[in-house]
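For this one, two forms of the same chain are given in C-alpha coordinates, first as structure 1 and then as structure 2.
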Structure 1
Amino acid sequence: MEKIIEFKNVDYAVEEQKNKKHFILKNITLEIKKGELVCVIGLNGCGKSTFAKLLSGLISPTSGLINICGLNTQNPDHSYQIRKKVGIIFQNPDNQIIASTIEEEIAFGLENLCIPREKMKARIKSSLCAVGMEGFEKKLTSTLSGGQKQRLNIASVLAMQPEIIVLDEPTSMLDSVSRKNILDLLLKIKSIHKTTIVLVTHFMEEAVLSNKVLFIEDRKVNFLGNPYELFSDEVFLKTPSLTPMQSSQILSFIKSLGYKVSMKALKTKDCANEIIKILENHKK
(Lines of atoms letter the chains of each structure in order from A and count residues from 1; the text may use other names and numbers.)
(Lines give C-alpha, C1' and ligand atoms only; values in the text may rest on other atoms or scores of the structure.)
Protein backbone atom coordinates (compact mmCIF):
# COMPACT_ATOMS: atom_id res chain seq x y z
CA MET A 1 0.00 0.00 0.00
CA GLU A 2 0.99 3.59 -0.66
CA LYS A 3 2.63 5.53 2.20
CA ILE A 4 0.46 8.53 3.09
CA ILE A 5 1.83 9.71 6.47
CA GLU A 6 5.49 9.83 7.46
CA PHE A 7 7.18 11.00 10.67
CA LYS A 8 10.99 11.16 10.73
CA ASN A 9 12.76 11.75 14.07
CA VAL A 10 10.02 14.11 15.22
CA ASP A 11 10.32 15.95 18.55
CA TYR A 12 7.79 18.34 20.00
CA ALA A 13 8.64 20.51 23.00
CA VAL A 14 7.34 23.59 24.77
CA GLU A 15 9.36 26.09 26.75
CA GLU A 16 8.83 25.76 30.51
CA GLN A 17 11.41 28.33 31.54
CA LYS A 18 13.88 30.46 29.66
CA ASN A 19 16.19 28.23 27.61
CA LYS A 20 14.59 25.10 29.08
CA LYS A 21 12.32 22.83 27.06
CA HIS A 22 9.75 20.26 28.15
CA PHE A 23 9.46 17.44 25.58
CA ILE A 24 5.94 16.12 24.96
CA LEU A 25 7.00 13.75 22.15
CA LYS A 26 10.52 12.52 21.36
CA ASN A 27 12.07 10.87 18.30
CA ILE A 28 8.83 9.72 16.66
CA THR A 29 9.54 7.79 13.46
CA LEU A 30 6.71 5.92 11.72
CA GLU A 31 4.74 5.39 8.52
CA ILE A 32 0.99 4.97 7.94
CA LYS A 33 -0.32 3.50 4.70
CA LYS A 34 -3.24 4.71 2.62
CA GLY A 35 -6.59 3.25 3.73
CA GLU A 36 -5.40 2.08 7.16
CA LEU A 37 -7.25 2.59 10.42
CA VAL A 38 -4.67 3.36 13.11
CA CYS A 39 -5.66 3.72 16.77
CA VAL A 40 -3.44 5.81 19.02
CA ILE A 41 -3.46 4.75 22.68
CA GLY A 42 -1.62 5.60 25.90
CA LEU A 43 -2.15 7.23 29.28
CA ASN A 44 -3.57 10.75 29.63
CA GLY A 45 -0.78 13.25 29.03
CA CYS A 46 1.39 10.85 27.02
CA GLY A 47 1.19 13.02 23.88
CA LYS A 48 -1.73 11.48 21.93
CA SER A 49 -3.50 14.79 21.27
CA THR A 50 -0.19 16.45 20.39
CA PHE A 51 0.42 13.67 17.85
CA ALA A 52 -3.03 14.34 16.32
CA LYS A 53 -2.32 18.07 16.04
CA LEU A 54 1.09 17.45 14.46
CA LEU A 55 -0.48 15.08 11.96
CA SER A 56 -3.14 17.64 11.08
CA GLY A 57 -0.61 20.43 10.61
CA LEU A 58 -2.18 22.48 13.41
CA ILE A 59 1.23 22.65 15.11
CA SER A 60 4.76 22.14 13.77
CA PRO A 61 7.41 19.83 15.26
CA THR A 62 10.31 21.30 17.22
CA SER A 63 12.60 19.14 15.09
CA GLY A 64 12.27 16.34 12.57
CA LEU A 65 10.12 15.97 9.46
CA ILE A 66 6.41 15.25 8.89
CA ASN A 67 5.18 14.48 5.37
CA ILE A 68 1.45 14.24 4.63
CA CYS A 69 0.70 12.91 1.14
CA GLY A 70 4.23 13.99 0.22
CA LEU A 71 3.73 17.52 1.60
CA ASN A 72 5.97 18.92 4.32
CA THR A 73 3.85 20.29 7.20
CA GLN A 74 6.58 22.84 8.05
CA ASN A 75 6.43 24.41 4.61
CA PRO A 76 3.96 27.36 4.68
CA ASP A 77 3.35 26.91 0.95
CA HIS A 78 1.90 23.46 1.65
CA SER A 79 -0.51 24.52 4.44
CA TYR A 80 -3.60 24.98 2.25
CA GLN A 81 -3.13 21.65 0.45
CA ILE A 82 -2.62 19.82 3.76
CA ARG A 83 -5.83 21.36 5.15
CA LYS A 84 -7.68 19.96 2.13
CA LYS A 85 -6.19 16.50 2.59
CA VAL A 86 -6.62 16.19 6.39
CA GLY A 87 -9.85 16.59 8.34
CA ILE A 88 -9.79 16.64 12.15
CA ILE A 89 -12.56 15.91 14.67
CA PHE A 90 -12.12 16.77 18.35
CA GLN A 91 -13.37 15.27 21.60
CA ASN A 92 -16.18 17.74 22.33
CA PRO A 93 -18.54 18.03 19.32
CA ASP A 94 -19.85 21.41 20.55
CA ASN A 95 -16.40 22.94 20.07
CA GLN A 96 -16.60 22.48 16.29
CA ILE A 97 -20.19 23.46 15.58
CA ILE A 98 -20.65 27.14 14.74
CA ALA A 99 -23.76 27.35 12.49
CA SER A 100 -27.43 27.29 13.49
CA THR A 101 -28.56 24.62 11.01
CA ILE A 102 -26.99 21.38 9.82
CA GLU A 103 -26.92 22.55 6.20
CA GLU A 104 -25.11 25.78 7.11
CA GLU A 105 -22.63 23.91 9.30
CA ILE A 106 -21.51 21.59 6.49
CA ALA A 107 -21.55 24.42 3.95
CA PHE A 108 -19.12 26.49 6.06
CA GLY A 109 -16.16 24.20 5.37
CA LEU A 110 -17.10 23.85 1.70
CA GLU A 111 -17.23 27.63 1.28
CA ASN A 112 -13.66 27.84 2.56
CA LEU A 113 -12.69 25.42 -0.23
CA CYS A 114 -14.56 27.61 -2.79
CA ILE A 115 -16.83 24.73 -3.81
CA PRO A 116 -19.55 25.91 -6.28
CA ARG A 117 -23.10 26.10 -4.85
CA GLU A 118 -24.53 23.22 -6.93
CA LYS A 119 -21.69 20.89 -6.02
CA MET A 120 -22.01 22.03 -2.42
CA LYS A 121 -25.64 20.88 -2.24
CA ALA A 122 -24.72 17.47 -3.62
CA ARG A 123 -21.87 17.07 -1.12
CA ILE A 124 -24.07 18.10 1.81
CA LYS A 125 -26.69 15.55 0.82
CA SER A 126 -24.22 12.68 0.26
CA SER A 127 -22.28 13.34 3.48
CA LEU A 128 -25.47 13.39 5.56
CA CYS A 129 -26.58 10.17 3.88
CA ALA A 130 -23.22 8.59 4.77
CA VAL A 131 -23.73 9.30 8.49
CA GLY A 132 -27.41 8.33 8.55
CA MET A 133 -28.77 11.89 8.82
CA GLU A 134 -30.34 12.32 5.39
CA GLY A 135 -33.21 14.86 5.39
CA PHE A 136 -31.77 16.69 8.43
CA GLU A 137 -30.51 19.69 6.42
CA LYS A 138 -32.83 22.28 8.02
CA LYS A 139 -32.66 20.87 11.54
CA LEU A 140 -31.21 23.16 14.23
CA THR A 141 -27.80 22.07 15.49
CA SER A 142 -28.81 23.08 19.04
CA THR A 143 -31.46 20.33 19.09
CA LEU A 144 -29.06 17.46 18.31
CA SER A 145 -27.94 14.81 20.80
CA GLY A 146 -24.24 14.30 21.55
CA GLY A 147 -24.05 11.36 19.15
CA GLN A 148 -25.83 13.31 16.39
CA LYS A 149 -23.49 16.27 16.85
CA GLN A 150 -20.47 14.02 16.44
CA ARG A 151 -22.07 12.51 13.33
CA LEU A 152 -22.56 16.04 12.02
CA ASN A 153 -18.88 16.81 12.60
CA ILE A 154 -17.96 13.66 10.68
CA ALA A 155 -20.37 14.64 7.87
CA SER A 156 -18.78 18.12 7.71
CA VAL A 157 -15.35 16.55 7.31
CA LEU A 158 -16.58 13.95 4.79
CA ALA A 159 -18.12 16.67 2.62
CA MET A 160 -14.64 18.16 2.20
CA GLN A 161 -13.46 14.78 0.84
CA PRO A 162 -10.16 14.54 2.73
CA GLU A 163 -7.77 11.66 2.21
CA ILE A 164 -7.10 11.45 5.96
CA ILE A 165 -9.46 11.85 8.93
CA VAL A 166 -7.94 12.40 12.38
CA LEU A 167 -10.20 11.93 15.40
CA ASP A 168 -9.07 12.93 18.90
CA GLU A 169 -11.13 10.82 21.34
CA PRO A 170 -14.42 11.49 19.48
CA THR A 171 -16.44 8.99 21.53
CA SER A 172 -15.22 9.76 25.05
CA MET A 173 -18.25 11.96 25.85
CA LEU A 174 -20.79 9.54 24.37
CA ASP A 175 -22.79 6.65 25.82
CA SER A 176 -21.97 3.08 24.80
CA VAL A 177 -24.66 2.92 22.08
CA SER A 178 -23.58 6.21 20.45
CA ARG A 179 -19.94 5.14 20.78
CA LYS A 180 -20.63 1.90 18.89
CA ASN A 181 -22.59 3.78 16.21
CA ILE A 182 -19.72 6.22 15.63
CA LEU A 183 -17.18 3.38 15.45
CA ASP A 184 -19.37 1.43 12.99
CA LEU A 185 -19.62 4.60 10.90
CA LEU A 186 -15.83 5.03 10.82
CA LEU A 187 -15.36 1.42 9.72
CA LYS A 188 -17.95 1.97 6.98
CA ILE A 189 -16.20 5.16 5.77
CA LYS A 190 -12.86 3.35 5.70
CA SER A 191 -14.33 0.45 3.74
CA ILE A 192 -16.28 2.47 1.17
CA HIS A 193 -14.07 5.53 0.65
CA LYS A 194 -10.66 3.92 1.43
CA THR A 195 -10.03 6.88 3.75
CA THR A 196 -7.03 6.74 6.07
CA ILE A 197 -8.29 7.12 9.65
CA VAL A 198 -6.21 7.95 12.72
CA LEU A 199 -8.27 7.49 15.87
CA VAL A 200 -6.99 8.66 19.26
CA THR A 201 -8.84 6.65 21.91
CA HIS A 202 -8.67 5.29 25.44
CA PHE A 203 -11.19 2.52 24.68
CA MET A 204 -9.23 -0.65 23.97
CA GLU A 205 -12.34 -2.22 22.42
CA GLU A 206 -12.04 0.37 19.63
CA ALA A 207 -8.32 -0.22 19.20
CA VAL A 208 -8.73 -3.95 18.58
CA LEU A 209 -10.77 -3.21 15.44
CA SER A 210 -7.93 -1.22 13.85
CA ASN A 211 -5.30 -2.29 11.31
CA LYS A 212 -2.56 -0.97 13.56
CA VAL A 213 -2.21 0.25 17.14
CA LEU A 214 0.20 3.05 17.99
CA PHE A 215 1.04 2.82 21.70
CA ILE A 216 2.70 5.98 23.04
CA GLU A 217 4.52 5.66 26.37
CA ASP A 218 6.97 8.03 28.03
CA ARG A 219 6.77 10.44 25.04
CA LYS A 220 7.92 7.74 22.59
CA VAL A 221 6.43 5.03 20.35
CA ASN A 222 6.45 1.84 22.44
CA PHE A 223 4.58 -0.24 19.86
CA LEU A 224 3.23 0.13 16.33
CA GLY A 225 1.65 -2.94 14.80
CA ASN A 226 -1.19 -5.44 14.81
CA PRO A 227 -3.54 -4.93 17.81
CA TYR A 228 -3.76 -8.69 18.39
CA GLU A 229 0.01 -8.84 18.91
CA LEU A 230 -0.17 -6.09 21.52
CA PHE A 231 -3.24 -7.18 23.46
CA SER A 232 -2.25 -10.86 23.56
CA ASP A 233 1.28 -10.10 24.80
CA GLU A 234 1.28 -10.78 28.54
CA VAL A 235 4.39 -8.64 29.06
CA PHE A 236 2.62 -5.63 27.54
CA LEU A 237 -0.51 -6.38 29.56
CA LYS A 238 1.49 -5.80 32.75
CA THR A 239 2.68 -2.39 31.55
CA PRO A 240 1.24 0.22 33.98
CA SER A 241 0.51 2.67 31.18
CA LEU A 242 -1.55 0.20 29.16
CA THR A 243 -5.10 -0.55 30.30
CA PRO A 244 -5.85 -4.16 29.29
CA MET A 245 -9.08 -5.02 27.53
CA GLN A 246 -11.61 -6.83 29.70
CA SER A 247 -11.38 -9.85 27.40
CA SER A 248 -7.57 -9.87 27.80
CA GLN A 249 -7.93 -9.88 31.57
CA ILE A 250 -10.44 -12.74 31.46
CA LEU A 251 -8.30 -14.82 29.12
CA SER A 252 -5.18 -14.18 31.19
CA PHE A 253 -6.99 -15.29 34.36
CA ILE A 254 -8.27 -18.47 32.70
CA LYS A 255 -4.76 -19.23 31.43
CA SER A 256 -3.37 -18.76 34.96
CA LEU A 257 -5.72 -21.54 36.11
CA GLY A 258 -3.96 -23.94 33.76
CA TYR A 259 -6.41 -24.00 30.87
CA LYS A 260 -5.30 -23.71 27.25
CA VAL A 261 -6.78 -20.57 25.81
CA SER A 262 -6.11 -18.32 22.82
CA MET A 263 -4.98 -14.90 24.06
CA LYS A 264 -5.98 -13.51 20.65
CA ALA A 265 -9.70 -14.11 21.24
CA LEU A 266 -10.11 -10.43 22.06
CA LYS A 267 -13.51 -9.64 20.59
CA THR A 268 -16.41 -10.29 22.97
CA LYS A 269 -17.88 -13.06 20.82
CA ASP A 270 -14.49 -14.79 20.36
CA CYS A 271 -13.74 -14.57 24.09
CA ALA A 272 -17.15 -16.06 24.92
CA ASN A 273 -16.50 -18.93 22.47
CA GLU A 274 -13.19 -19.70 24.20
CA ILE A 275 -14.97 -19.93 27.54
CA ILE A 276 -17.69 -22.15 26.04
CA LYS A 277 -15.02 -24.51 24.62
CA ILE A 278 -13.39 -24.84 28.05
CA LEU A 279 -16.73 -25.53 29.74
CA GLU A 280 -17.67 -28.16 27.12
CA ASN A 281 -14.30 -29.89 27.48
CA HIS A 282 -14.63 -29.77 31.25
CA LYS A 283 -17.94 -31.63 31.09
CA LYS A 284 -16.41 -34.51 29.11
Structure 2
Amino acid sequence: MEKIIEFKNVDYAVEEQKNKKHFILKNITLEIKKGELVCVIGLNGCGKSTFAKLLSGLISPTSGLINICGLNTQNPDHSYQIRKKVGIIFQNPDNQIIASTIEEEIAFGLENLCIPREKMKARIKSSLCAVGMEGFEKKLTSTLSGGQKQRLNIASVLAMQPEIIVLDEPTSMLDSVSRKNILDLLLKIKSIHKTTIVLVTHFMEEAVLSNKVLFIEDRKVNFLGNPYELFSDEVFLKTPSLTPMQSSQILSFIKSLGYKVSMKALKTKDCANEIIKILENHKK
Protein backbone atom coordinates (compact mmCIF):
# COMPACT_ATOMS: atom_id res chain seq x y z
CA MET A 1 0.00 0.00 0.00
CA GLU A 2 1.19 3.48 -0.77
CA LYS A 3 2.11 5.81 2.05
CA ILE A 4 -0.11 8.85 2.30
CA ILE A 5 1.29 10.57 5.40
CA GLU A 6 4.95 10.87 6.18
CA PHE A 7 6.72 12.56 9.12
CA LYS A 8 10.49 12.87 9.04
CA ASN A 9 12.28 14.02 12.20
CA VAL A 10 9.48 16.38 13.08
CA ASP A 11 9.85 18.72 16.05
CA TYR A 12 7.23 21.13 17.26
CA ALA A 13 8.26 23.64 19.86
CA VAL A 14 6.82 26.83 21.30
CA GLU A 15 8.64 29.70 22.89
CA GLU A 16 7.57 29.60 26.50
CA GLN A 17 9.68 32.50 27.70
CA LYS A 18 12.16 34.51 25.71
CA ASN A 19 14.72 32.20 24.12
CA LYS A 20 13.42 29.26 26.07
CA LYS A 21 12.04 26.62 23.77
CA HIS A 22 9.48 24.18 25.00
CA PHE A 23 9.16 21.02 22.92
CA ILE A 24 5.66 19.67 22.53
CA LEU A 25 6.64 16.94 20.06
CA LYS A 26 10.16 15.78 19.43
CA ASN A 27 11.76 13.89 16.59
CA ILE A 28 8.65 12.22 15.22
CA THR A 29 9.31 9.94 12.27
CA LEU A 30 6.47 7.80 10.96
CA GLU A 31 4.41 6.69 7.98
CA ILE A 32 0.73 6.08 7.58
CA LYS A 33 -0.56 4.13 4.60
CA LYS A 34 -3.55 4.91 2.43
CA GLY A 35 -6.79 3.44 3.70
CA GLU A 36 -5.60 2.83 7.25
CA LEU A 37 -7.48 3.74 10.38
CA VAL A 38 -4.96 5.01 12.90
CA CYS A 39 -5.94 5.84 16.47
CA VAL A 40 -3.85 8.35 18.38
CA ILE A 41 -3.80 7.82 22.14
CA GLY A 42 -1.97 9.29 25.12
CA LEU A 43 -2.49 11.36 28.25
CA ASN A 44 -3.98 14.87 28.31
CA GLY A 45 -1.42 17.32 27.07
CA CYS A 46 0.85 14.72 25.42
CA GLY A 47 0.51 16.37 22.01
CA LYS A 48 -2.31 14.57 20.22
CA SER A 49 -4.09 17.72 19.03
CA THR A 50 -0.74 19.19 18.04
CA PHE A 51 -0.06 16.07 15.96
CA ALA A 52 -3.51 16.39 14.35
CA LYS A 53 -2.91 20.02 13.44
CA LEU A 54 0.54 19.28 12.00
CA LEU A 55 -0.95 16.53 9.92
CA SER A 56 -3.62 18.82 8.51
CA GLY A 57 -1.11 21.50 7.63
CA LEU A 58 -2.69 23.94 10.09
CA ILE A 59 0.62 24.41 11.86
CA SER A 60 4.12 23.83 10.55
CA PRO A 61 6.85 21.83 12.23
CA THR A 62 9.64 23.88 13.79
CA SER A 63 12.01 21.43 12.16
CA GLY A 64 11.69 18.30 10.05
CA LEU A 65 9.39 17.49 7.17
CA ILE A 66 5.77 16.45 6.72
CA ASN A 67 4.44 15.09 3.44
CA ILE A 68 0.74 14.57 2.82
CA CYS A 69 -0.03 12.72 -0.42
CA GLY A 70 3.47 13.66 -1.48
CA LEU A 71 2.90 17.36 -0.77
CA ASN A 72 5.12 19.16 1.69
CA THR A 73 2.85 20.94 4.19
CA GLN A 74 5.31 23.78 4.59
CA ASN A 75 5.04 24.85 0.97
CA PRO A 76 2.35 27.55 0.81
CA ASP A 77 1.58 26.60 -2.81
CA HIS A 78 0.29 23.29 -1.55
CA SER A 79 -2.03 24.60 1.10
CA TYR A 80 -5.17 24.64 -1.07
CA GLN A 81 -4.48 21.11 -2.29
CA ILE A 82 -3.91 19.89 1.23
CA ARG A 83 -7.05 21.56 2.50
CA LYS A 84 -8.98 19.65 -0.18
CA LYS A 85 -7.40 16.35 0.74
CA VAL A 86 -7.52 16.56 4.52
CA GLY A 87 -10.68 17.16 6.50
CA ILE A 88 -10.25 17.89 10.19
CA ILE A 89 -12.73 17.81 13.03
CA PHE A 90 -11.55 19.78 16.04
CA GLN A 91 -11.74 18.85 19.67
CA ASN A 92 -14.21 21.57 20.59
CA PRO A 93 -17.21 21.30 18.27
CA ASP A 94 -18.14 24.95 18.81
CA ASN A 95 -14.92 26.28 17.33
CA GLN A 96 -15.85 24.90 13.99
CA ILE A 97 -19.44 25.99 13.49
CA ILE A 98 -19.87 29.31 11.68
CA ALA A 99 -23.10 29.29 9.72
CA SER A 100 -26.53 29.81 11.19
CA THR A 101 -28.34 26.83 9.68
CA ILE A 102 -27.10 23.30 9.34
CA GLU A 103 -27.48 23.30 5.57
CA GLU A 104 -25.40 26.47 5.26
CA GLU A 105 -22.79 25.07 7.58
CA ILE A 106 -22.18 22.04 5.37
CA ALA A 107 -22.50 24.10 2.18
CA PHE A 108 -19.79 26.43 3.43
CA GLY A 109 -17.09 23.81 3.07
CA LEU A 110 -18.45 22.70 -0.28
CA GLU A 111 -18.36 26.24 -1.66
CA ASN A 112 -14.69 26.42 -0.82
CA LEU A 113 -14.21 23.36 -2.98
CA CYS A 114 -16.24 24.97 -5.82
CA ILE A 115 -18.88 22.25 -5.81
CA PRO A 116 -21.82 23.34 -8.02
CA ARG A 117 -25.06 24.23 -6.19
CA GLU A 118 -27.09 21.43 -7.84
CA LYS A 119 -24.77 18.83 -6.41
CA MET A 120 -24.67 20.34 -2.94
CA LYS A 121 -28.18 19.38 -1.89
CA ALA A 122 -27.59 15.70 -2.46
CA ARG A 123 -24.24 15.73 -0.67
CA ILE A 124 -25.69 17.60 2.30
CA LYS A 125 -28.57 15.18 2.50
CA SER A 126 -26.46 12.06 2.34
CA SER A 127 -23.85 13.28 4.80
CA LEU A 128 -26.53 14.26 7.33
CA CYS A 129 -28.10 10.89 6.80
CA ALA A 130 -24.78 9.20 7.44
CA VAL A 131 -24.48 10.79 10.90
CA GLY A 132 -28.10 10.13 11.79
CA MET A 133 -29.32 13.71 11.39
CA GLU A 134 -31.55 13.37 8.33
CA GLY A 135 -34.01 16.20 7.91
CA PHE A 136 -32.01 18.64 10.05
CA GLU A 137 -31.12 20.91 7.06
CA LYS A 138 -33.12 23.95 8.12
CA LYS A 139 -32.42 23.76 11.86
CA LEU A 140 -30.34 26.49 13.46
CA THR A 141 -26.85 25.48 14.51
CA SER A 142 -27.18 27.48 17.73
CA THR A 143 -29.94 25.18 18.90
CA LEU A 144 -27.96 21.94 18.76
CA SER A 145 -26.88 20.00 21.82
CA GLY A 146 -23.17 19.23 22.29
CA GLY A 147 -23.33 15.79 20.74
CA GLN A 148 -25.40 17.00 17.80
CA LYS A 149 -22.72 19.62 17.07
CA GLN A 150 -20.07 16.93 17.01
CA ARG A 151 -22.11 14.95 14.52
CA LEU A 152 -22.71 18.02 12.37
CA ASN A 153 -18.96 18.62 12.16
CA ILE A 154 -18.43 15.08 10.99
CA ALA A 155 -21.15 15.54 8.36
CA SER A 156 -19.50 18.74 7.09
CA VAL A 157 -16.22 16.95 6.60
CA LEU A 158 -17.82 13.87 5.04
CA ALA A 159 -19.60 16.04 2.48
CA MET A 160 -16.23 17.27 1.25
CA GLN A 161 -15.15 13.68 0.51
CA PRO A 162 -11.55 14.15 1.59
CA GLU A 163 -8.85 11.51 1.19
CA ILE A 164 -7.81 11.85 4.81
CA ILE A 165 -10.12 12.55 7.72
CA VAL A 166 -8.56 13.67 10.98
CA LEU A 167 -10.87 13.57 14.00
CA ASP A 168 -9.75 15.00 17.34
CA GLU A 169 -11.86 13.28 20.01
CA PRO A 170 -15.05 13.46 17.96
CA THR A 171 -17.10 11.34 20.33
CA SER A 172 -16.04 12.70 23.69
CA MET A 173 -19.47 14.18 24.36
CA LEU A 174 -21.58 11.45 22.87
CA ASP A 175 -23.52 8.77 24.71
CA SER A 176 -22.10 5.31 24.23
CA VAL A 177 -24.68 4.27 21.66
CA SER A 178 -24.11 7.33 19.45
CA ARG A 179 -20.38 6.83 19.93
CA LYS A 180 -20.60 3.33 18.57
CA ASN A 181 -22.66 4.59 15.64
CA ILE A 182 -19.98 7.12 14.75
CA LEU A 183 -17.28 4.49 14.87
CA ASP A 184 -19.30 2.13 12.68
CA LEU A 185 -19.74 5.03 10.29
CA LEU A 186 -15.99 5.68 10.16
CA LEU A 187 -15.30 2.01 9.50
CA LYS A 188 -17.87 2.07 6.69
CA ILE A 189 -16.36 5.16 5.08
CA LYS A 190 -12.95 3.57 5.30
CA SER A 191 -14.04 0.40 3.58
CA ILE A 192 -16.14 2.06 0.87
CA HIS A 193 -13.97 5.03 -0.04
CA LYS A 194 -10.57 3.77 1.15
CA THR A 195 -10.35 6.97 3.16
CA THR A 196 -7.40 7.25 5.53
CA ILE A 197 -8.68 8.06 9.00
CA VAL A 198 -6.71 9.43 11.92
CA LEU A 199 -8.74 9.35 15.12
CA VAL A 200 -7.62 10.88 18.41
CA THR A 201 -9.38 9.11 21.24
CA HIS A 202 -9.34 8.24 24.92
CA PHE A 203 -11.57 5.20 24.36
CA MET A 204 -9.55 2.03 24.05
CA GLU A 205 -12.48 0.08 22.66
CA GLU A 206 -12.20 2.43 19.67
CA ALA A 207 -8.44 2.03 19.46
CA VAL A 208 -8.71 -1.75 19.32
CA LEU A 209 -10.77 -1.51 16.13
CA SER A 210 -8.06 0.43 14.32
CA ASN A 211 -5.39 -0.89 11.96
CA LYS A 212 -2.72 0.83 13.99
CA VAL A 213 -2.45 2.71 17.24
CA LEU A 214 -0.09 5.58 17.71
CA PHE A 215 0.76 5.97 21.37
CA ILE A 216 2.38 9.30 22.23
CA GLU A 217 4.24 9.57 25.49
CA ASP A 218 6.83 11.97 26.73
CA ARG A 219 6.74 14.00 23.48
CA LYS A 220 7.68 10.97 21.39
CA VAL A 221 6.09 8.07 19.58
CA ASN A 222 6.19 5.29 22.12
CA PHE A 223 4.42 2.74 19.94
CA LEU A 224 3.03 2.60 16.41
CA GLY A 225 1.58 -0.71 15.37
CA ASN A 226 -1.09 -3.31 15.74
CA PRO A 227 -3.45 -2.56 18.66
CA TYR A 228 -3.53 -6.20 19.74
CA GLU A 229 0.19 -6.17 20.14
CA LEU A 230 0.02 -3.08 22.32
CA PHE A 231 -2.91 -4.12 24.48
CA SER A 232 -1.67 -7.62 25.12
CA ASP A 233 1.83 -6.55 26.02
CA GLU A 234 2.43 -6.96 29.75
CA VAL A 235 4.85 -4.06 29.87
CA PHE A 236 2.41 -1.70 28.21
CA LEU A 237 -0.42 -2.94 30.38
CA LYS A 238 1.48 -1.70 33.38
CA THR A 239 2.24 1.72 31.86
CA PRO A 240 0.15 4.14 33.91
CA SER A 241 -0.40 6.43 30.94
CA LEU A 242 -2.16 3.74 28.97
CA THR A 243 -5.77 2.95 29.80
CA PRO A 244 -6.16 -0.81 29.74
CA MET A 245 -9.33 -2.21 28.23
CA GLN A 246 -11.60 -3.94 30.72
CA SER A 247 -11.24 -7.12 28.69
CA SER A 248 -7.47 -7.08 29.05
CA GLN A 249 -7.78 -6.34 32.76
CA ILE A 250 -9.93 -9.37 33.41
CA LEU A 251 -7.81 -11.59 31.15
CA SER A 252 -4.61 -10.58 32.86
CA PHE A 253 -6.25 -11.29 36.22
CA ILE A 254 -7.14 -14.81 35.10
CA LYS A 255 -3.65 -15.24 33.73
CA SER A 256 -2.20 -14.18 37.08
CA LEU A 257 -4.12 -17.07 38.66
CA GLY A 258 -2.00 -19.41 36.59
CA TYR A 259 -4.32 -20.16 33.68
CA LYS A 260 -3.24 -20.13 30.07
CA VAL A 261 -5.06 -17.18 28.52
CA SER A 262 -4.91 -15.50 25.14
CA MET A 263 -4.35 -11.85 25.94
CA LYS A 264 -5.49 -11.00 22.42
CA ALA A 265 -9.14 -11.74 23.14
CA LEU A 266 -9.85 -8.04 23.56
CA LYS A 267 -13.19 -7.66 21.81
CA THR A 268 -16.22 -8.28 24.00
CA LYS A 269 -17.31 -11.54 22.32
CA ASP A 270 -13.77 -12.92 22.11
CA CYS A 271 -13.14 -12.14 25.73
CA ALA A 272 -16.36 -13.82 26.85
CA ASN A 273 -15.51 -16.89 24.76
CA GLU A 274 -12.04 -17.04 26.26
CA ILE A 275 -13.46 -16.94 29.78
CA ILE A 276 -16.06 -19.58 28.94
CA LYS A 277 -13.33 -21.81 27.51
CA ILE A 278 -11.33 -21.52 30.71
CA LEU A 279 -14.34 -22.21 32.91
CA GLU A 280 -15.22 -25.26 30.82
CA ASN A 281 -11.72 -26.69 30.90
CA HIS A 282 -11.71 -26.12 34.60
CA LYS A 283 -14.91 -28.15 35.11
CA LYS A 284 -13.36 -31.22 33.49
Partner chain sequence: MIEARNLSYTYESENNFKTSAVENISFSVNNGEILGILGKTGSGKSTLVQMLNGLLKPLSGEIILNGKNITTDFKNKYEVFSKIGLVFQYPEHQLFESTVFDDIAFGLKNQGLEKPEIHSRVIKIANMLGLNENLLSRSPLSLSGGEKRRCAIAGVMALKPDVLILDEPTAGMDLIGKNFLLKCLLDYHSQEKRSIILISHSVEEIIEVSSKILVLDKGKSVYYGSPGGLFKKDIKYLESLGLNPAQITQVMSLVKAEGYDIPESVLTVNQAQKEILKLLEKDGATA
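On a predicted model such as this, the values are computed, not experimentally measured, just so you know. Take the two forms, superpose them, and find the largest set of C-alpha atoms that agree within 1.5 Å; that set is the rigid core. Residue numbering: sequential along structure 1, first residue numbered 1.
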The chain seen in the form predicted alone is the one numbered 1
In whole degrees, what is the turn of the smaller rigid part against the larger between structure 1 and structure 2? 13
Distance the CA of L152 travels between structure 1 and structure 2 [rigid core superposed, Å]: 2.8
